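Below you will find one chain, with nothing else, as structure tokens; this is the form predicted on its own, and questions on how it binds or moves follow later.
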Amino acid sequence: MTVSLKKILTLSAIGLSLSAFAQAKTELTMYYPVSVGGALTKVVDSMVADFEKQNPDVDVNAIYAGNYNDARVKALAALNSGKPAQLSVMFSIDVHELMDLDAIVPFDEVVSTEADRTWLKSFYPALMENGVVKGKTYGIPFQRSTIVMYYNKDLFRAAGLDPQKAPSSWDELVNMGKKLTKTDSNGHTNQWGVMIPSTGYPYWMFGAMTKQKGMKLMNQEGNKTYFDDQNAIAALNFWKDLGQTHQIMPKGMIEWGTLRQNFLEQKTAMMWHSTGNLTAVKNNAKFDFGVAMLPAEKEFGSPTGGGNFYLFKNSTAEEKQAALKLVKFMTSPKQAAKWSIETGYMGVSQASYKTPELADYVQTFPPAAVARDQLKFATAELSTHQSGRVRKLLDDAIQAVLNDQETAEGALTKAQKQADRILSRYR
């Protein structure tokens, strides 16, 4: 055999080996949403890159899919296209709908070791309320949040208010809001006391107010809503009164997507928004600001929010194990701490707050702990069968009331009747 022929055979053998190695890789496609804007996609890309370095046998195609609704639509469309994703981050409240579609598999059926089962129980219980159905875990918390109150301490000082004390009750919210609302000589309001977004996810904000009135919007089975409860009606009347009666908030709609900028431009002294905005506010505010739990009526409260990891059923056993490995990595204490610091979303486990990185961060920047501390007053986010349809009924009712088109009692009673028609088949 000539030297040249030996080289050719050797190179061919190497090529075959490399080809076999490449074929041995498990490829995963993962959709994920970003709902609060900012450079969060870069954070996800960085975490995925770190995972691939540690797991060279897995390739991850992480696809930013828009907001939560976009992510659900694209992930489900992929299932029907013949090129399904193996996992996705989607609304934590999508669980019933995904189960009805027979699209997802519980993590309990994929984990195999005692360590895996211990991991399943390592997350804050409040963050699991939307992910566990009939004793099985379908959703693992990732980009999770509660609603918090951001407030401008400089404007508090200018209004003669204690900058270290945010309103802790609805009455205080109204009274402080009146002192913080400013009008010019023409009667034009150039600074509002508070803004609460009423587009995007109005049912989420409403869920905070109803929790503060001591009630939940649905049952755990997701087949019954309580939209026409007297406490729900009172909560919606309170929301409307902030603009109509107390005049500390603009009347009508307040946009979810532009509210953060309104706060940064000091057009409002307080805003209710996702803790997922925290790092963006921290990096861009030109004033002294604080973060507080939402004010109480009968009790404190906020729904949890954000996205969970789901595993899709239509995957091979190898793909499910690789997806499980990725989810465990992304929710590990170290990665959860990184995600929380770089975004403002909360760490999803107690262990994440015990990492040196997040422990030091919370020590030097206490607002980072508010969403976590509020978890003890939190409730599950509105989640039902046919969640999108039911949620829209409530969103439409809320917006009709805030736009002064219907009464709270009329709009919520109608929404409840329509929700009953949709959900009765699931009881």
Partner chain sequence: MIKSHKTQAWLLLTPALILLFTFTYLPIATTFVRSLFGYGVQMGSQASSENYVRLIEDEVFWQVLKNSLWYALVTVPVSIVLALSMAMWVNSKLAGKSVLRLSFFTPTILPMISVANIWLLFYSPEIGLFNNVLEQFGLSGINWLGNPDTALPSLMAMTIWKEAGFFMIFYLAALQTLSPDLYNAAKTENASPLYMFRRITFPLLMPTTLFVFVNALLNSFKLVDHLFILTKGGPNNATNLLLYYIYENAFSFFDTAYASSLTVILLGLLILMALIQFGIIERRVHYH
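Positions refer to the first chain, counted from 1. Small disclaimer: the values here were computed from a predicted structure and weren't measured.
There is also a form predicted together with its partner chain; it is not shown, and the following applies to it.
- Although the partner is absent here, Q261 lies within 4.5 Å of its partner chain in the predicted bound form, judged by heavy atoms.
- With a 4.5 Å cutoff on heavy atoms, P125 does not count as touching its partner chain in the predicted bound form; it lies far away.
- Residue contact check for H246: none of its heavy atoms lie within 4.5 Å of its partner chain in the predicted bound form.
- Within 4.5 Å of any heavy atom of its partner chain in the predicted bound form lies no heavy atom of K42.
- Candidate site formed by V105, K224 and S424: none of these residues places a non-hydrogen atom within 4.5 angstroms of its partner chain in the predicted bound form.
- Only one of L76, A322, M176, M205 lies close to its partner chain in the predicted bound form, with a heavy atom inside 4.5 Å, and it is L76.
- Interface residue among N69, T26, N55, T379, judged by heavy atoms within 4.5 Å of its partner chain in the predicted bound form: N69.
- Judged by heavy atoms within 4.5 Å of its partner chain in the predicted bound form, the contact stretch among the candidates 114-122, 81-89, 250-258, 151-159 is 250-258.
- In sequence order, G388, R389, K392, D396 are the residues of 359-397 having a heavy atom within 4.5 Å of its partner chain in the predicted bound form; the partner itself is omitted from this view.
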